[in-house]
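Quick setup: one chain, the form predicted on its own, written in structure tokens, and binding and motion questions come after.
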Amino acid sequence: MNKNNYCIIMAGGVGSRFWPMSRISKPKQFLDVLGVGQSLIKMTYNRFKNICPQENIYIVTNQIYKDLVKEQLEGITDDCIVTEPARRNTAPCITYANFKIMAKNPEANIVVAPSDHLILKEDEFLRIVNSALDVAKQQEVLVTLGIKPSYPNTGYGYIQYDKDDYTTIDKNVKKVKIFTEKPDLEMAKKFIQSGDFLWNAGIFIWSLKSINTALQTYLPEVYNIFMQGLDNYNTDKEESFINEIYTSCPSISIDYGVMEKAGNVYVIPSDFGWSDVGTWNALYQVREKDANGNSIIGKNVMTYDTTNSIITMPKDKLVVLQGLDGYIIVESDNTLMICKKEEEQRVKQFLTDVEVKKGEKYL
């Protein structure tokens, strides 16, 4: 295993679209949403142990989740838990982790990935990531993974690539033409028909030198803030320095800040059973279903004339459901939500209304 390979796992989100199962105190990435006995972050962490040494895997998360990370990821050290005092999107958190890694190994090659995505074909995923790392360590390129789309999804960003322009090392690593935000349905259909658009998976591979050059060029306002503390990383001065400067960072994504602007961005068209598991409907698509199309977690759920629903209940609670078709039925702690699957975009509004009318105890 290459000791220059590192991984940054981003785990600071609150997973509000998965309320009431996902809460501020324990968001989606720390939950076993698939009912397989492992949380999403644990599955992700174990996956990347096949890419790099365990001590080279960094978890970037909010300070309030440090104990959860230590509880769920066996053997992780405090030094590998990169805690943010405030949420500032992906560019600052990646830059922070970069500086910690640079203080140890300036020759690092890095994979950046979300903590809460599902990968069904792990062997294929590992093969593609290793191929990308081989390219990244030899050429000054920024590589992302694009998912071959199976239908015109309007909830994902898209990447258009040039089929005839690729790296000199690997013809499967294609030059990116443009990043496109979430399209409407008609535009998404055109993307699918064109054959040169991919879903943006938010997974990046690059050398430390390449990403630092890009940050200095396109996001100096972020890079220079962290550069001020160059001698503080991995010392007892790091925490106070980060607490002092972090809120002054602009809140900006690495996609918008760097990837959409740089001229050396490449993508690998991929198919490794990916889902961002970003909504209840997305979770429904990947969970096992019974003969009636119901996906059920809970040992004592009884259904009658109920179809095409996703049901998540405490393991010992007796639940009887009759006459429902296409619903989300979730109970967690002190909250029950019943919502039509086709109306799931209203979950965030429910959460806002609950906060206003019932207070933070239900968030």
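Computed from a prediction, not measured in an experiment: that's the story for all the values here. When you see a residue number, it is the position in the sequence shown, counting from 1.
Same protein, other form: the form predicted together with a further copy of the same chain, not shown, and the subject of what follows.
Picking from 326-334, 50-58, 32-40, 66-74 the stretch near a further copy of the same chain in the predicted bound form, with a 4.5 Å limit on heavy atoms, gives 326-334. Here the marked residues Lys299, Val320 and Gln349 all reach a further copy of the same chain in the predicted bound form, each with a heavy atom within 4.5 angstroms.
With a 4.5 Å cutoff on heavy atoms, Met313 counts as touching a further copy of the same chain in the predicted bound form. Using a 4.5 angstroms limit between non-hydrogen atoms, Val14 is distant from a further copy of the same chain in the predicted bound form.
Interface residue remark: Met21 is not counted as part of the site for a further copy of the same chain in the predicted bound form, having no heavy atom within 4.5 Å. Residues from 334-363 that approach a further copy of the same chain in the predicted bound form with a non-hydrogen atom closer than or equal to 4.5 Å are Asn334, Thr335, Leu336, Met337, Ile338, Cys339, Lys340, Glu343, Arg346, Gln349, Phe350, Asp353, Val354, Lys357, Lys358, Tyr362, in the order they occur in the chain.
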